[in-house]
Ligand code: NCD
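Next up: just one chain, as structure tokens, the form predicted alone.
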């Protein structure tokens, strides 16, 4: 695809070569993301950060990525802090705020809302999550993490063995990740969830049409015994009609160090898009995994900055100019990474 000036709304936009290009640019962002060097390649550019649904990592990660390229961020968080609360349409909001920005990152609870907004925007829009539909930048950072973790073990994304565990019906991160995996070869996927929270059938069929082996299961221990990656997700309580309904499923598939030791291969990587639910009745990833060197959840969050920097650099067509606007940092950074 031609990234310059493009919206990023769905992983369906990407071919394998596009993903590999994003990852190549992300690799080059490492000294800037780790604050060993500073670049001002986006000096004067403005990111409109519009998050109409609660977010910590995604919102701050997008903002940090833009700041690290030298740009500035203007934020809108929550419906109550926007003109939408006064009845303004997405069309009008898009027309106005795109006049104040060079690129917009947006999250909204309704499926298709970001695409509707982008259709009226005068600048590129990146989907930061639209309901239970998609989360393309999260899928990209997840896949980048998988590539990095597997490279350290002598493997790659082709012929990956992965178990996805938890709320696969409403988990937009796993929806987008499954679609991206269809660009690669010979992947084995085990989908572990309660029957009511199974992966949407169209996504399962898409993976099978791509030639992947896909199994569906409700048995955690057997499903994680022979995989390279265990990708856990929380129950998406905000998608349920009530807290009580969500509680029916919370805590059903808990992974802790004891289960990991007895059922996983020694180098199985543990991933999670975060936030993990650390309340006693949930704990899909227990705190006793925190010292496990194969717990990659915080490497995922670090990688999110790299990938989002790459997206901004490609969309604003400055990927080849980053180093020309760079210098070493003048503050203490040793030991951060």
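Keep in mind the model is a prediction, meaning the values are calculated, not measured. Positions refer to the first chain, counted from 1.
Omitted here: the form predicted in complex with this ligand. The next part is about that form.
| field | Site check 58, 135 and 138: each within 4.5 Å of this ligand in the predicted bound form by heavy atom | value | Answer is yes for this spot.
| task | Report the residue, out of 274, 282, 38, 46, that has at least one non-hydrogen atom within 4.5 angstroms of this ligand in the predicted bound form. | result | None of the other options qualify; the answer is 274.
| said: Just to be sure I understand the contacts: of 172, 108, 179, 147, which is the one whose heavy atoms reach within 4.5 angstroms of this ligand in the predicted bound form? | reply: Of the listed residues, the single hit is 172.
| query | Which of 30-38, 287-295, 65-73, 274-282 has heavy atoms within 4.5 Å of this ligand in the predicted bound form? | reply | Among the listed stretches, the partner-contacting one is 274-282.
| said: So, residue 212 and this ligand: in the predicted bound form, are they within 4.5 Å at any heavy atom pair? | reply: Outside the cut-off, so no.
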